[in-house]
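Only one chain is given next, in C-alpha cells, and it is the form predicted alone.
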C-alpha cells in the first residue's frame, strides 16, 4: 500500500470519524451536551448517582397543617407519576416527560415541616439542601414562609417552586430568580372578585376588614380594598389580627359597633374557620345594617376551609380559588382521578398547585437537557402550557408569576350540596387576560442567574 493510499484512507477514516461523532452528538440525549461548557457547580448541581432528590417542605403543624397534609399527598403522587407515568403527564402540553424519571434519573424525595413559621421553614429547607442534596425544593401554605424560602433558594443556588402563597410580595417586591409561583395572588383575587361583589350586593356598601397580620394579609387587604372601592364601596376600618388566633370576639365586636354592612375576613386555614364560625355565632349573617342584609366575604377560599367551617356557615359566602376539583378540563380530571384512586377523596387547590409545580420543574429540566439551575430557570421563564387546569397558563419571565384563569366561588349550603365534597360551587371562571396586569405594577428585582 502506497503512502498516498494510506493518506487517502486516513482522511476517509477521519471524515467517517467526524461524521460519526457528529451523528452521535445529534442523537445523544441533550442533557449530555447542551451548554455543557457553561455548567459549573451551583447548589447541588451536578447531580451524582442514579437518583435525583426533590425536597418537600410543608406545614405539618400550625394553622395551615390541613393544607400541608394535602400538599404532601400531591407531592408523593407527582413523584410516582414522574417515575412511572400517569396523571397530568398525559395532558400537559408541551411535555417532555415520559414517566421514566427526569433526565434518566429516578426521582426520590425528602420531607420537612415548615411549622407555618419562616425561621423553621428556612432551617428545614437548609437541611434539605446541605444534608439531603436536593436539586429543587417546594411547598408551604404561608406567604411569609414562601418568601423566606425563596431568599434562601437564591443564596444557595437551588430552585424553589412555591407552594400555596397568595401575597403580592412573593412575585412583587420579594421576587427572586430562583423562585417560581404557579398559584395566583391577592391582586388577581381583587380583580376577579371586586366586580362580582358589586354586581351581587350593590355598589353602595361599607366594608370592615379583619386581616391576618403578615405579608399575605397585608396585600390581601390592600387589593380587596382597592378593587371594591373602585366599584363604589367604602372601607370603614381594618383590624390586623395575629396568625393562629382562636378567639375573634373582640375584633367582631368592633365590627358590630361600626356602621359596616359587610365584613371581609382576610384569613386562611384554621384562622378563617374560627373567624367565620364566630361571625356566624354573633348573628352577623342574619343582621340588617344600613337597610341591607349584612354579608360576609372570604377573598381566599378553599374546600378544606369550607369543610372546616361547615355548610351552614359558608352558605352563599363569596371568595376566590386557584382551582377546584370539580373542573371538567382534561388536566384537572386526570389529576383528580389519580388522587382519588390513591387517597379516596378529591384534592384541594393546595394539592393541585404543588403537583403542577413539581411537574413544571421536572419538565423544564427535561426540556433544558440539564439540571443546571440557570438553564432550568430559563426553560421555565416565559413558558406557556395547557393541560394543567382550565385554559392556557403562562409563567411570566419578568416576575415568575404564573397567569391562568381564576375562579370566583361560593359556599354551598346543605340543601345545594350534591356530594360529600361539594362545599364550593364555581360561580364564575374569570379568564386569564382579565386578571393579568403589567409586570411593573409591583416593582422588584429577580436577581442574577448565578448566585454570588
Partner chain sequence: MMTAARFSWPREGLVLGGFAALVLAMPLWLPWIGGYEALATKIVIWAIFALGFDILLGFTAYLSFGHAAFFGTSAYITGLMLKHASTSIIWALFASAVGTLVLAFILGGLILRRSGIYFSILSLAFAQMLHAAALSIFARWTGGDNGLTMDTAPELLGMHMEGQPMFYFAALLLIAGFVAARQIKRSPLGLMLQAVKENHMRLEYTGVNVMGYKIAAYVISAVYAGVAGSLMVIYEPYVATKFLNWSTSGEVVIMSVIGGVNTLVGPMLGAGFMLYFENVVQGLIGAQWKLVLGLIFVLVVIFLPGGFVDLWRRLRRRFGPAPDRRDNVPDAPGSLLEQREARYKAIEEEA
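Predicted, not measured: the structure shown is a model, and the values here were computed from it. Residue numbers count along the first chain shown, from 1.
The same protein has a further form, the form predicted together with its partner chain, not shown here; the description that follows concerns it.
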Report the stretch among 78-86, 264-272, 182-190, 106-114 that approaches its partner chain in the predicted complex to within 4.5 Å, counting heavy atoms only. 106-114
Counting only non-hydrogen atoms and a 4.5 angstroms cut-off, does residue 319 reach its partner chain in the predicted complex? no
Quick one: is residue 296 in contact with its partner chain in the predicted complex, heavy atoms, 4.5 Å cut-off? no
Please determine whether residue 61 contacts its partner chain in the predicted complex, using a 4.5 Å cut-off between heavy atoms. yes
Does the 4.5 Å heavy atom contact test between residue 331 and its partner chain in the predicted complex come out positive? no
Taking 4.5 Å between heavy atoms as the contact cutoff, choose which of 152, 134, 359, 376 touches its partner chain in the predicted complex. 152
Students should find that, of 222, 174, 315, 381, the residue having a non-hydrogen atom no more than 4.5 angstroms from its partner chain in the predicted complex is 174
Can you name the residues of 188-218 that have a non-hydrogen atom within 4.5 angstroms of its partner chain in the predicted complex? 214, 215
